[in-house]
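First comes one chain, alone, set out as structure tokens in the form predicted alone.
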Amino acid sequence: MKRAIYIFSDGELKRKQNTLYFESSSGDKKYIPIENTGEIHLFGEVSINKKLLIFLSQEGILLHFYNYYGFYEGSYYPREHYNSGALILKQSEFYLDNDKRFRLAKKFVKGAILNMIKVLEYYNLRGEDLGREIKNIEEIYESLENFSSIEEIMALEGNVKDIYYRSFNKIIKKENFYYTGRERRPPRDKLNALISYGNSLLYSYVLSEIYKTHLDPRIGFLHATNFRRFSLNLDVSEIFKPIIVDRLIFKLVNKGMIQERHFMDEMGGIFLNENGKKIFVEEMDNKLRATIKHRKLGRHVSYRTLIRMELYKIEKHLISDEEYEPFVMWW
């Protein structure tokens, strides 16, 4: 499997003969084997040139950019090699047909809520007394069928998330990471900083997987296709946030891998500092490469593969091959 490359240092990334070469501003030099590289994440101030971008296009490698605080800013999305005019038309058809779009959008919300319940059930079985929160979310979930617009189901999902995030205080063992309310721009406390950072990373990983399919990342269904460059990755990320990001946060905090010293207070917000970002990214990468035994396939697949499989299911739904059902964690 090709690997993701993470560059935190400032410097220059360029093509050197038929491979990648990075030279940091401090003079460190490193060759990056092109054949093992699936995507590159740039966290530092890195200079690039046209020669590099052409090389990345030829090799089908995405380049993801993050701002000073480590949040996803955008991607260099190479020329698509799996272009399918027929599927783009289908995606557009499903987006423009209100009923078709709503049915698909509701599946993303269903998947997200059911996975939140699964996460809470996991910790409830381990003695965290989350029965009331699970019951409240299940009741809201049951009412999902009564709504008929995307705005309504997004509001409903917001209500579920409020209960869900408040339940974190029964799972997280460090009081200084307790949840007090969701604040994004900027995150005002350490837990919000972790949630925003993890979600931001997940958007880029899902985008990388979309690139390997026939789907067009610009056409989402739950999140409106407007002047935003990509929206399908936001839709699919909703399903995997509880499974990948939230469970990773519990591990990092409860095991003391992320501590007070890994944050900085700037511009009225709380953000991970460089060491904190490195720890989070390394563990996120490990998580995506970790495998589980797939119940239907009968073999081990990675979390990253699960994301790709979800995209294939959406493709099948669009070509009327198979009704899409969102991935729901079974363990």
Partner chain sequence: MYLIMVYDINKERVAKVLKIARKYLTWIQNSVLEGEITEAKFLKLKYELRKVIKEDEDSIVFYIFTTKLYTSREIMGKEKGKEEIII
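Values in this document were obtained by computation on a predicted structure and should not be read as measured data. Numbering follows the first chain given and starts at 1.
Separately, the form predicted in complex with its partner chain exists; it is not shown, and the next lines address it.
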item: Among 263 to 271, 277 to 285, 292 to 300, 63 to 71, the region lying within 4.5 Å of its partner chain in the predicted bound form by heavy atom distance; value: 277 to 285
item: Contact assignment for its partner chain in the predicted bound form, among L42, I34, L52, L306, heavy atom within 4.5 Å; value: I34
item: 4.5 angstroms heavy atom contact with its partner chain in the predicted bound form for S320; value: no
item: In the predicted bound form, I7 touching its partner chain (heavy atom, 4.5 Å); value: yes
item: is_contact(T19, its partner chain) in the predicted bound form, heavy atom dist at most 4.5 Å; value: yes
